[in-house]
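The chain that follows stands alone, in the form predicted alone, written as structure tokens.
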């Protein structure tokens, strides 16, 4: 009789034992697949939020801002913003330009002072960068030429103000003087990053420029690249954009790719390390469960091994038999576990997982995480689970195969 046939018969004859092995492998595979999907979703959201709210895919601003950022250098602006955006839109790979005017300031409420950051936006251009309309939870967006503001939901709660109420912000202008402006709240926006929802309010860019004494100037210009632009080519587009700006007399400006900006890159790098550590931990944990279960099953069958040896089955055949059993069980368990992990991740990818305060508000990541199935890691989990369980069956089988039939038959 073929060893494969014997292996199948052994599996079907000992259903409880087989089910235990399959369950252990499936649970380990499910856990690792789910973890990989969760972390992949966090990585994607982190990159998306950084590009949408901080850097775009390529960021253009005054070259000296990085050196003096701690001093709030609002006077280091992008001059002739209209001309700069026209030049950038002519660079190959750039699909849209998004100007912003950012002005940190203080909102005074009775005996309390609330620190906030105003962001002057061009709503139509902003829509080209991210789905800002989906974030509006109440009211409407501010209209150009009007002293109106859309306030982050957390900031609105801290201010204890709602739609129709007003607040005044005091800030430092680009001329290094002080200026204040009163805005009426016309909408509330739920920004995905808690830190932004707690500090940001959005106003028309023309009113921000008036407040900051910045005619045809902006703090920064963000760009979105064309969808056909190859992945990872943001650096090349940034270099081309900077060359085009310098060639037209804008030598004070620098263009940098989002993944080349120090604070952004460090976040991604740190998160990648955390990703690898967590994945390794679950791999080790899952492997120990699979190995434990498989070895326990083999050791329980010492008498069976002795019987087979007494009937003339050689050590090599015994090892191959247990390897085939482990292989069949691991393929079934890994397939079930990975399939359940993928289905669960797809469902949670739609509904999201509310992490609440488990996510630090210092990171540019929201409290609701949407897992994303990664094909490469899913395939790796499947073959890893199969390999671990199959090898785990061979190791104790080799030891048991070396026991004499008489000693094996005496085993309890």
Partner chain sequence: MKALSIILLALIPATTLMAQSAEEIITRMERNQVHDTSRMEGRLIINDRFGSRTSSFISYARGADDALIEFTSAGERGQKVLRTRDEVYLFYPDAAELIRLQGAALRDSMLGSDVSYEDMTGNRALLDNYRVSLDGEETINDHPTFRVKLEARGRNVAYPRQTIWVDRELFVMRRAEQFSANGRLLKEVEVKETMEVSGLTFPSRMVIRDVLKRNSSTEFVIDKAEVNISLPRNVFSLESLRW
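From a predicted model like this one, the values you see are computed outputs, not experimental measurements. Numbering follows the first chain given and starts at 1.
The following text describes the form predicted in complex with its partner chain, which does not appear among the structures shown.
Participant: Which pick from 320, 157, 125, 210 sits with a heavy atom within 4.5 Å of its partner chain in the predicted bound form?
Facilitator: After the contact test, the surviving option is 210.
Participant: To verify the annotation, which of these, 248, 252, 168, 217, has a non-hydrogen atom within 4.5 Å of its partner chain in the predicted bound form?
Facilitator: Contact check passes for 168.
Participant: Given that the partner is absent here, state which listed stretch (328-336, 181-189, 78-86, 125-133) has heavy atoms within 4.5 Å of its partner chain in the predicted bound form.
Facilitator: Contact-bearing stretch, as computed: 181-189.
Participant: Wondering, does residue 140 line up within 4.5 Å of its partner chain in the predicted bound form on heavy atoms?
Facilitator: Residue 140: no contact with its partner chain in the predicted bound form.
Participant: Is residue 243 part of the interface with its partner chain in the predicted bound form - any heavy atom within 4.5 Å?
Facilitator: Outside the cut-off, so no.
Participant: Taking heavy atoms only, is residue 175 within 4.5 angstroms of its partner chain in the predicted bound form?
Facilitator: Although its partner chain is absent here, residue 175 would touch it in the predicted bound form, with heavy atoms inside 4.5 Å.
Participant: Check residue 259 for me: does it contact its partner chain in the predicted bound form (non-hydrogen atoms, 4.5 angstroms)?
Facilitator: So residue 259 does not count as contacting its partner chain.
Participant: Give, in sequence order, every residue of 131-159 that has a heavy atom within 4.5 Å of its partner chain in the predicted bound form, or say none if there are no such residues.
Facilitator: The stretch 131-159, when checked against its partner chain in the predicted bound form, contributes only 147 at the 4.5 Å heavy-atom cut-off.
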